[in-house]
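Given as structure tokens, the chain that follows is alone and in the form predicted on its own.
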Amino acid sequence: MAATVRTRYAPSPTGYIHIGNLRSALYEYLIARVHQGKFVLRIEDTDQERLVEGAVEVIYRTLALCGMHHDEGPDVGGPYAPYVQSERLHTYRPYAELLVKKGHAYYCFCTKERLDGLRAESDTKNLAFQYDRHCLSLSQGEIDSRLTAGDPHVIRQKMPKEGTTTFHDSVYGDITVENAGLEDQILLKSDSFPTYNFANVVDDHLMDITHVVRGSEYLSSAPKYNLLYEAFGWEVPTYVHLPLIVKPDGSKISKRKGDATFEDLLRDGFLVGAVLNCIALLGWSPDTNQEIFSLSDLEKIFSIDRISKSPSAFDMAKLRWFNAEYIRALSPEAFHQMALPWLKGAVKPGLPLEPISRILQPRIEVLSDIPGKIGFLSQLEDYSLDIYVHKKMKTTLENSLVNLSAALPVLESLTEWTVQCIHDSLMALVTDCGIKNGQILWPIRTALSGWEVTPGGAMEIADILGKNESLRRIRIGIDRLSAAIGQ
């Protein structure tokens, strides 16, 4: 085995990257980095029916966005090229035929119709399907004759049918299975494409992969891999099977059920760093109570022995919390650049965008929250006068009308319309009237927004709206309160 730690991310280009797939990539990347090893990207496209156009670009884009730069791969090259399995087809048949010669595999000429019949029979008996080894008994002469004639065939692995197979996993420990339950899996299909299980083993060996990281759903396949390694006389890599990722209710995450992919999350306004941080803790924990980790932090402290066996819940509420923390940590300038696409689609032309960013940054969890937080800036909709009444602020309809009427001429007289000038003039009015701050600010904020909850207070909203629009909205509030009270 190579002295250098070598991990591989080997996705199938099926169109999107789900949370579990991204976590596997992250852990593979971190294992390589923490050991100063190599992180390899290999594209596994042997299942040609599932390929989606453009999916390889999705893989490249995802790794680049996440900062998980691979050391070798189809786009960057490397000493073990090619790194796309469909470009390595010449590699697999010689190894499959070698297993035949060694007695660990055999040619199978069974037709699809015969196999379908066997499966139907198994279903009728409510049994798990296992190939009946019909072709294992063929004579060498018949095999040679059919191969010469070009008869369609596959190559199957000849599994031991007695005893047990034991393998070691870094997370789950030693696992033993009964060989009688192992089916003679296909290694090479009739179209000369290798199966996923076979190509994985051959490529991992030829590329000197030292650590194989994958989801726990592949635990049942590990004995098959081990038997292949043993049949070839190759050293078995370190297995790292990751716990299942589930939803808070315990159900499995699935794109088909509407659960978000990585790109879905980005489109919804989640930050890459927050997503990675959250995913890193789905099955792994540090030896401290720290929760916020940058990728460079994780590159220094990640360890396989801190990976849990228990299923991990992917909670969108927790991801929103992480995202809010990452948003708060941004510089105002960086946040504004991220927020711009959302602001431009939600704010009418003419309003200043940077002040809106400033009031939003401390008050949102996800960028997609932005339109729903600032609709009042573009249009003052009809609102209930009940929101003028606030017990804590000690406001009523009556004193709201009095205080709005007092504030209007003060604000009309301002020659400079800034947050500071608005603040100073209103605080002076509070002092003159001998009232609480909220008895002025709550009615003004309500008149300006028509909303009970807003990002930013009265002065900030007034500054964004501008003098003319702010005064117009305050006059509307005065007129509506007067009509309601009967004055």
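The structure presented is a predicted model; accordingly, all values stated were derived computationally and were not measured. Sequential numbering from 1, following the sequence displayed.
One more form of this protein should be noted, the form predicted together with glutamic acid, which is absent from this view; the next part is about it.
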query	finding
Option touching glutamic acid, based on a heavy atom within 4.5 Å in the model of the complex, out of Y229, W321, Y218, F129	Y218
Contact assignment for glutamic acid in the model of the complex, among R214, K158, H336, K224, heavy atom within 4.5 Å	R214
Glutamic acid contact at N21 in the model of the complex, heavy atom, 4.5 Å	yes
In the model of the complex, A10 touching glutamic acid (heavy atom, 4.5 Å)	yes
Y196: touches glutamic acid in the model of the complex, heavy atom cutoff 4.5 angstroms	yes
is_contact(E44, glutamic acid) in the model of the complex, heavy atom dist at most 4.5 Å	yes
Contact segment among 242 to 250, 206 to 214, 186 to 194, 292 to 300, judged by heavy atoms lying within 4.5 Å of glutamic acid in the model of the complex	206 to 214
